[in-house]
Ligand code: FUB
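Okay, here we've got a single chain as structure tokens, the form predicted on its own, with questions on binding and movement later.
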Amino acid sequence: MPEDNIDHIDFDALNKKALSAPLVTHIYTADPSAHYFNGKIYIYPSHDIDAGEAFDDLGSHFAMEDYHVISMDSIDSKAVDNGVALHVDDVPWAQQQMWAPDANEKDGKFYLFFPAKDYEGIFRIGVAISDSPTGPFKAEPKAIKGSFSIDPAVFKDDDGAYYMYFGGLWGGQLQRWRTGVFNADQPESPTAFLPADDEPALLPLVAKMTDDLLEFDETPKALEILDKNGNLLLSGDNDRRFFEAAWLHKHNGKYYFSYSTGDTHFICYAIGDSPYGPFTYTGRILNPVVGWTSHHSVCEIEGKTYLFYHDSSLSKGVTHLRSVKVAEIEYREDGSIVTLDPY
């Protein structure tokens, strides 16, 4: 349900039939990265605010300034806002737009991974560290060397290795890095430098992290998303190609790479045998929500799997004022996921 249809929505009726309710209502939250640490649920979302920026396709109206961590004792318990965990003013290299973060744990330390624009207007990815899963987090003085674009998601594999998945089109700037160097031409155009519709779509990136989780241990690699015939998805395949919101989880020994299709508003997934892929497109996890964006995470909690996602129903369709929700997802015997309808 993209924003251009909101004038026709009865939000009272919509919310009554919604799959789930917002986890918190006193602030707006989005892009939830959920983890289960030490028997408790921790959600690392963006914190939406109305900064008065004009709406544009570069996402300037998404002018988030800080992060709050939401915690839950169980999937059915009240969600608790633990206050400001990190503010842009406390990140030496970052100027603005604290977009979708993720977090992970190693050896009793907690690491917050986040994108922000530096003082040259280029999205980079940073790391901040805390002794507590709820923060406060202290940012490293510099962004990760060689990092770019948005939406970092850090997956811990069964062997203890950590991998970061990232990238986003349009305002996420991924298309500006096609030559390996940031292309600053036509900054007002979010679709400049995209491949033609009949060319392979731009791909998300993956990089193994160093042991201290502060840097890439390798040059980021393109993550291939293939159709059933083994061909790369095409740029014009808007219902299936990657746009943003990378996430990786594991189920029955298989790797599930999930993501948003952006302008067509689906959360899709592809399955592979390695954290590096390739991944074969398999289907959709979530159909479109109210609002322009869709962004999610998948988290296993006490033997069940949950999708954390957001929509703009609480703000009655305001694109940049979103609310985090959660719903259980189910697997079929063949490993495919039953698609959820949000309403």
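Worth saying up front: this structure is predicted, and the values here are computed from it rather than measured. Note that residue numbering begins at 1 and tracks the sequence as displayed.
Heads up, the form predicted in complex with the ligand isn't pictured, but that's what we're talking about next.
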Site test, D237, R240 and R284 vs the ligand in the model of the complex, non-hydrogen atom cutoff 4.5 Å:
no
Tell me the stretch among 84-92, 208-216, 189-197, 98-106 that has any heavy atom within 4.5 angstroms of the ligand in the model of the complex.
98-106
Looking at M164, I150, L248, I225 here, can you tell me which has any non-hydrogen atom within 4.5 angstroms of the ligand in the model of the complex?
I150
Though the ligand is not shown, can you say which of M64, V69, A34, V289 has a heavy atom within 4.5 Å of it in the model of the complex?
M64
Any chance S312 has a heavy atom within 4.5 Å of the ligand in the model of the complex?
no
S46 near the ligand in the model of the complex, any heavy atom under 4.5 Å?
yes
Closest heavy atom of S297 to the ligand in the model of the complex, within 4.5 Å or not?
no
Considering only 229-244, what residues come within 4.5 Å of the ligand in the model of the complex, judged by heavy atoms?
E244
